[in-house]
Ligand SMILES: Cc1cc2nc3c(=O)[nH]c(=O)nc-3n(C[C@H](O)[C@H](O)[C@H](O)COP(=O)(O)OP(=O)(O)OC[C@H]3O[C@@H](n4cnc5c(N)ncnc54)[C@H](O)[C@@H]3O)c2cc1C
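Take a look at this single chain, the form predicted alone, given in structure tokens.
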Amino acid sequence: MVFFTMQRANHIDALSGQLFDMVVIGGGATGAGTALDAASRGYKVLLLEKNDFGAATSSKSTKLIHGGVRYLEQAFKKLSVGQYRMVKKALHERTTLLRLAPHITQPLQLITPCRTWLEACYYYVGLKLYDFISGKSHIGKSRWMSQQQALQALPALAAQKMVAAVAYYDGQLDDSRYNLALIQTAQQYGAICINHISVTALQKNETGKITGLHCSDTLTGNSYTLATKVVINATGPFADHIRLMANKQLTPRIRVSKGVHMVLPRTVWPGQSAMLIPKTADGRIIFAIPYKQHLLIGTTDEEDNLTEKAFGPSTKDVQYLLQYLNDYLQHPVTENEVLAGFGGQRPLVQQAGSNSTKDLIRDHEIEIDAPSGLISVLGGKWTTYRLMAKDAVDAAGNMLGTPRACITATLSLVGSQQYNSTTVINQVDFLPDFIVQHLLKTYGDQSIVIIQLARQQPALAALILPGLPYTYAELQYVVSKEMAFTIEDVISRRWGVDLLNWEMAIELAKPVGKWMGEYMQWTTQQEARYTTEYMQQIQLLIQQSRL
């Protein structure tokens, strides 16, 4: 078994004097997938991420691997071939994503409650079509459910709110961990991937073609000048910034849609199935999804101004989501029960005649700027990251004159390459089962490294906080082997706590900050400042949701 280590210092040292075939800007799903695709084809690849891997949009999704039932409905209502093709591609990719990382993905049953028999027939036909389009890649067949069957699956629902229901299947993923697995696997194939590196300028030759870039290490302040044959812009909502850096004459193409989610305690939602609320006054749909012992509700869809600041639901957003959720529940949920929330910005490609972001197609586009040679990946969604990466690397390979075939459809990701939960569990007799299960569902086959750390150093087997599965062995692992350099890197992206429970994230901040301070040799002042800044960031999210 290969145990994987990400050493940032070693990767920075490896930058000196290299000429890269491709530099990928952006460490979200698209950039990570692109780096893996290019490296697995044998290209010399560098990925640079300004913040942490998956820090923005890619860790703020609805945690679904799906074709998009709303997009299918729009395809037929508006006779949109583009929407139909996007759904078909996504449905076929759905099974691929599940197969590549089984430790952090799973099929999920979603139930659509129907208020009238006509509505039930409409959604039954639509979801059967969803099955048909997926072809052999379906992960579970949709089916009609009586009122009683629906209540057995979703006991929280009020019987009088539906006459029947329709169930269908999509996939679920831990998006930030999947993102990191892509980064790790890209490194396994030789890519250099570095977080907390900001690209400050693009270098060009006398003809205006990009030949390199200037960047700055946001952790140390060090600057670097790097040489490359091709630059791929995979920065999602921030794509226009890099496009205009390459060519000031370009017209902005990205429209940003804000989607926010709120999180409730799992106690309000007995059962393992999710619910699709198919209709809202403004034409959106809302999901209620069990996720990591919590209930995730979302999402909104509103045009927004681009921002790098973290944001969550406002009071208005919370009220909007609760209004539609409570309309189906026996016992309404109150605003005081909201544990946390998070928001992300979707990159939507501007199209002529589109006035609303919810009407824009979520498909992607590969743009090649002829004067500079910049390749930009525009738009797209999590489920189709691999196709986006394939198209970008195809374009780059053609530009280099060395096209090579994509092989990522069959590349298991780090964590799943020798994933066998039974074997690992049988090897552990000194950790509680809830810790072992947490490790398996987070790190897959790499969890053995954490278990060995805890075995060799019993002090590291201690829980950071009672009742939570996080041990100091796991903390040491993510800091030493997963490039987690800030308190937020750990609590938000490696563990996902502040997306699910703000108060718990604040409680974790001090012990995590104290341990990181000792391990990373922060001064007392640095430890206090970093801890306080992180806690204030979470407090601000709490205040914004309760104004």
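Source: prediction; values computed, not measured. Counting begins at 1, following the sequence as shown.
Just so it is clear, the following notes concern the form predicted together with this ligand, a form of the same protein that is not shown.
- Proximity of residue 380 to this ligand in the model of the complex: non-hydrogen atoms within 4.5 Å are present.
- In the model of the complex, at least one heavy atom of residue 259 sits within 4.5 Å of a heavy atom of this ligand.
- Taking the partner from the other structure, this ligand in the model of the complex has a heavy atom within 4.5 Å of a heavy atom of residue 236.
- Using a 4.5 angstroms threshold between heavy atoms, residue 49 counts as touching this ligand in the model of the complex.
- Across the options 23-31, 484-492, 508-516, 37-45, residues that bring heavy atoms within 4.5 Å of this ligand in the model of the complex belong to 23-31.
- Note on contacts: among 203, 323, 307, 198, the single residue with a heavy atom within 4.5 Å of this ligand in the model of the complex is 198.
- Residue-level contacts in the model of the complex: of 184, 176, 299, 112, one residue has a heavy atom within 4.5 Å of this ligand, and it is 299.
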